[in-house]
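Taking the form predicted alone, here's one chain by itself in structure tokens.
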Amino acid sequence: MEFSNNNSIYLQIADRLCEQILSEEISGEDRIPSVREFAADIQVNPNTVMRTYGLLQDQGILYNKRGIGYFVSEKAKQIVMKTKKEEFIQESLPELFKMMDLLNIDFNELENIYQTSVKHQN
């Protein structure tokens, strides 16, 4: 996993796990790797992974079965979707709208760009 300097590593790991939940690479009731396994896989300190798991557990995305490990909660996708949507609306959209205004891009042009992008992704 590649890390950027923009955000704390544990938050970047949490974002990646949330992306995997949204894309259904992992789903509700799936067991995720242990703290030590995951830390070794992505080459970070186990305390960093523990901090990530703790954050996601506090948000209701993961839960711990004592002695067995961490699991994705049944409602994880809905929780992540709601959280990411709110984050996008509050943080990303204002910047997008500002740039659209500065560059004189209207919604029709944006829609065409979006449609083209969707076609290329599929």
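The first residue of the sequence shown is number 1, and the count goes up from there. Take the two forms, find the largest set of C-alpha atoms that superpose within 1.5 Å, and that set is the rigid core. Predicted, not measured: the structure shown is a model, and the values here were computed from it.
From this point on, the text means the form predicted in complex with another copy of the chain, which you will not see here.
Taken together, the three residues E29, R36 and F38 all stay farther than 4.5 Å from another copy of the chain in the predicted complex, as judged by their closest heavy atom.
Residue contact check for K75: none of its heavy atoms lie within 4.5 Å of another copy of the chain in the predicted complex. Taking another copy of the chain as it sits in the predicted complex, the stretch 84-100 comes within 4.5 angstroms of it through a non-hydrogen atom at K84, K85, F88, I89, L93, L96, F97, K98, M99, M100. In the core-superposed comparison between the shown form and the other one, L22 has its Cα shifted by less than 2 Å. Put the two forms on the same core and the Cα of M99 is off by 2 Å or more between the shown form and the other one. Shown in the overlay between the shown form and the other one, fitted on the rigid core, is a CA shift at Q115 of 2 Å or greater.
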